[in-house]
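Only one chain is included here, represented as structure tokens and corresponding to the form predicted alone.
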């Protein structure tokens, strides 16, 4: 897909994170990939988590190494409690330390309330909320009792405001992750800062073209679409901000302040 992002090619924090180490879940594709590249340009070393996207993860790591930073793919199924429980330790051991955690991976199944079963809720909560919590807690336990500090960013969703009736179980899991962002920011301080980014429509679903996003701008206060770099810029800001915790930045063109409902 061509990059029509008008913001240009350089991240605003170039080389700000030299020597830092980061784990990104779901880092091989889409917004995870964009964030990984932004962190790589900023000098960070990266552990790229993937579930089934082995080849894209390996290709991304080679691309990052070509930029002059270390990058390693790490496989785990976040739908499996056992694999989730060991992922952070594997990443820590491979990298030798950890400064940043980006909880980007999620599942996004469709289904309205009249179709939703308990298993649907469980599967979405496991991947979209429980796995980020387990990884964040493992990070905190590594830092507890030391002078080291870390930063976590959870990827949420603009439809925290107004709801998402077409993806009911997914929505419930993102609401849970939003609450966990607040709770972990309190409980795991001062070792960890924990914040969230709530993206709007900056990347179309895989079955749609960019025209789909253009059609949504009519209802946005800013009357223009966003781009994956808008999300990665917000994520990198929060990772590097030394006096911010428990915050959620909505990167959605103002959707959350304009729209109070969803059909």
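Just so we're clear, the structure is a prediction, and the values are computed from it rather than from any experiment. Residue numbers count along the first chain shown, from 1.
As for the form predicted together with a small molecule, it is not shown, yet the points below apply to it.
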**Request:** Can you work out whether the small molecule is within 4.5 angstroms of a heavy atom in all three of 43, 152 and 229 in the model of the complex?
**Result:** no
**Asked** Do residue 192 and the small molecule share at least one heavy atom pair within 4.5 Å in the model of the complex?
**Response** no
**Request:** Please run the contact check for residue 106 against the small molecule in the model of the complex: heavy atoms, 4.5 angstroms, yes or no?
**Result:** yes
**Request:** Give a yes or no for residue 77: in the model of the complex, does one of its heavy atoms lie within 4.5 Å of a heavy atom belonging to the small molecule?
**Result:** yes
**Asked** Might residue 65 be said to contact the small molecule in the model of the complex, defining contact as any heavy atom within 4.5 Å?
**Response** no
**Request:** Please determine, with the chain shown alone, which of 92-100, 184-192, 154-162, 136-144 has non-hydrogen atoms within 4.5 Å of the small molecule in the model of the complex.
**Result:** 154-162
**Prompt:** Heavy atom within 4.5 Å of the small molecule in the model of the complex: which of 238, 202, 37, 61?
**Reply:** 202
